[in-house]
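First, one chain by itself: the form predicted on its own, in structure tokens.
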Amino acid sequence: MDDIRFAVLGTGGIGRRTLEVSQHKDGLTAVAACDRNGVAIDHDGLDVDELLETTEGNIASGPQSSPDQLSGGEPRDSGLDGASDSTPATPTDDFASDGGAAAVEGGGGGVKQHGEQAGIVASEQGDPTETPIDDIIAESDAIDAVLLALPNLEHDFIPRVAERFAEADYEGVMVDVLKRSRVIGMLDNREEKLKESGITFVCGAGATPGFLTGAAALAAQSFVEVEEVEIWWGVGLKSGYEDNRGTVREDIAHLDGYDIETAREMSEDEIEALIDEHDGVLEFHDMEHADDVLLERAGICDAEDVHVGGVLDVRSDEKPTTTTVSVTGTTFDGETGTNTFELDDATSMEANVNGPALGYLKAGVRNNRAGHYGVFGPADLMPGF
């Protein structure tokens, strides 16, 4: 495969680690990156080390900003009711986006910013802009793939960004690491437009969904019928809550007694009090993770038979529990068994999110160059069930 030129939208935790990990992968060249304040583009390849070094602890974020500022578009309703994302546009100026592009898996939440030089514009490669996504789209003819490291609490934001690329006739790959089941339908609603443009969109391509969804798809091959899939994850955040505000806020929405709206409206003091109440360890059950929809669309099992939960420790480097995938089913000779896949405790969240994301990005490029366009889940790129 020829060298893949890719862009990263959002330089919080996911975006930064993607750029870092890409240097250890053959055939990948980062040529563009953006946050809400600026953009860096070099078709010969970004100086990733300089970009990461100059923006360390200097992330462009702000609690009073809507993620639509990334694209220069008008804020819209986020479609959080799960029924539709086509409700009329309404102004949003809330804390829910928690740092916008910097908020996902390790980004700042209104703390790590340094005036006019926040984020990418602090780099010698960065240029200030009010329309960073539009600036990337303008250069997209020379970009093979785009990784979306954008906030998930504005649930229709990623689908709308994909639509903007399609409207600009982008022909290439888009990959995200979203974690909500309802977003898959929003992408499916845009599939024809993506196909017409020539876009191969790989959704939910991080750890879970993504890595573990693919593991479940492989484990299912032993069976003629899958009865249940259980995903149980453990994450220890090396840098603590302050550096991971966005992902912690998003995960809180999965706790018993909480939902998306309550998580969006919580103040920082309320979140820190909740963390203190649980001694820094949050446990989740029956999460609305996209693994269920993605496994169902691959024909492996019904979404209702997929159960996702886990434990998040925001005060320790160590994983609080081992991450496992268990697939229970019936074999062709009538036996019932359970295949279990286990991640080593030494592998970090960053490794298990960004390594697979770049792997799925490569798989997306192979499919795109073969003329396969539309919306694909991680299990769709595994052996068929």
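The first residue of the sequence shown is number 1, and the count goes up from there. This one's a predicted model, so the numbers in the text were calculated from it and none came from an experiment.
Another form exists, predicted in complex with a further copy of the same chain; not displayed. Remarks below refer to it.
Undergrad: Which of these residues, 226, 184, 143, 219, gets a heavy atom within 4.5 Å of a further copy of the same chain in the predicted complex?
TA: Here the answer is residue option 219.
Undergrad: Is residue 165 near a further copy of the same chain? Define near as a heavy atom within 4.5 Å, in the predicted complex.
TA: Looking in the predicted complex, residue contacts with a further copy of the same chain do not include residue 165, since no heavy atom lies within 4.5 Å.
Undergrad: Check residue 333 for me: does it contact a further copy of the same chain in the predicted complex (non-hydrogen atoms, 4.5 angstroms)?
TA: Yes, residue 333 lies within 4.5 Å of a further copy of the same chain in the predicted complex.
Undergrad: Examine residue 45 and determine whether its closest non-hydrogen atom to a further copy of the same chain in the predicted complex is within 4.5 angstroms.
TA: Contact with a further copy of the same chain, no.
Undergrad: Are any of the heavy atoms in residue 347 no more than 4.5 Å from a heavy atom of a further copy of the same chain in the predicted complex?
TA: Contact with a further copy of the same chain, yes.
Undergrad: Using a 4.5 Å heavy atom cut-off, which of 128-136, 211-219, 247-255, 304-312 contacts a further copy of the same chain in the predicted complex?
TA: Selected range: 211-219.
Undergrad: Determine the residues of 20-37 with a heavy atom within 4.5 Å of a further copy of the same chain in the predicted complex and present them in sequence order; the list may be empty.
TA: Read in sequence order, the residues that approach a further copy of the same chain (within 4.5 Å, in the predicted complex) are 20, 21, 24, 25.
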